[in-house]
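Shown below, as structure tokens, is a lone chain in the form predicted on its own; questions about how it binds or moves come after it.
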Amino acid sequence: MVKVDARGVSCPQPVLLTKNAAKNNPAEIQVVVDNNTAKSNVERFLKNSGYKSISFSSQGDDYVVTAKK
């Protein structure tokens, strides 16, 4: 699993960090963001990149997006 911590950065940086992590086509990516807009943008990017199983959880004020191929 590749993990990305995108807390504290504004869009489009969370998507760019996720794109960089997806470069080597990992089977699973986990991205932590701190706002709903970043969560939606990361989700859209992952769907468009071929990740089929995408789930969310929250940890305090943060969102954890987990995607699997």
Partner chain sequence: MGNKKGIILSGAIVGLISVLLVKLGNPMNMGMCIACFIRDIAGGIGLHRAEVVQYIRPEVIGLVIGAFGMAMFSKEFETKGGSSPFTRFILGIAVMVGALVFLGCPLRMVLRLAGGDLNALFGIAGFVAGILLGIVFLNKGFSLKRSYKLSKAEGFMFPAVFAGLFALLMAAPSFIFFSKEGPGSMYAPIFFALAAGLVVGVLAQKTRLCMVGGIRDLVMFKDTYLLSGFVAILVFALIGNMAFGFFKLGFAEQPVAHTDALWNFLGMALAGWGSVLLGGCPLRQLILAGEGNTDSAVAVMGMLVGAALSHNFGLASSPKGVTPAGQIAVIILFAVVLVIASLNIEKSSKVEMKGDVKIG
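Positions refer to the first chain, counted from 1. Remember, predicted model here, so these are calculated numbers, not experimental data.
Although not depicted, the form predicted together with the partner chain is the subject of the following passage.
- Among heavy atoms of L16, some come within 4.5 Å of the partner chain in the predicted complex.
- Remark: C11 counts among the residues lining the partner chain in the predicted complex, judged by a heavy atom distance of 4.5 Å or less.
- Taking the partner from the other structure, the partner chain in the predicted complex has no heavy atom within 4.5 Å of any heavy atom of V64.
- For N48, a non-hydrogen atom is located within 4.5 Å of the partner chain in the predicted complex, even though that partner is not displayed.
- Along 32-69, residues D34, N35, N36, T37, S40, R44, F45, N48, D61, D62 each place a heavy atom within 4.5 Å of the partner chain in the predicted complex.
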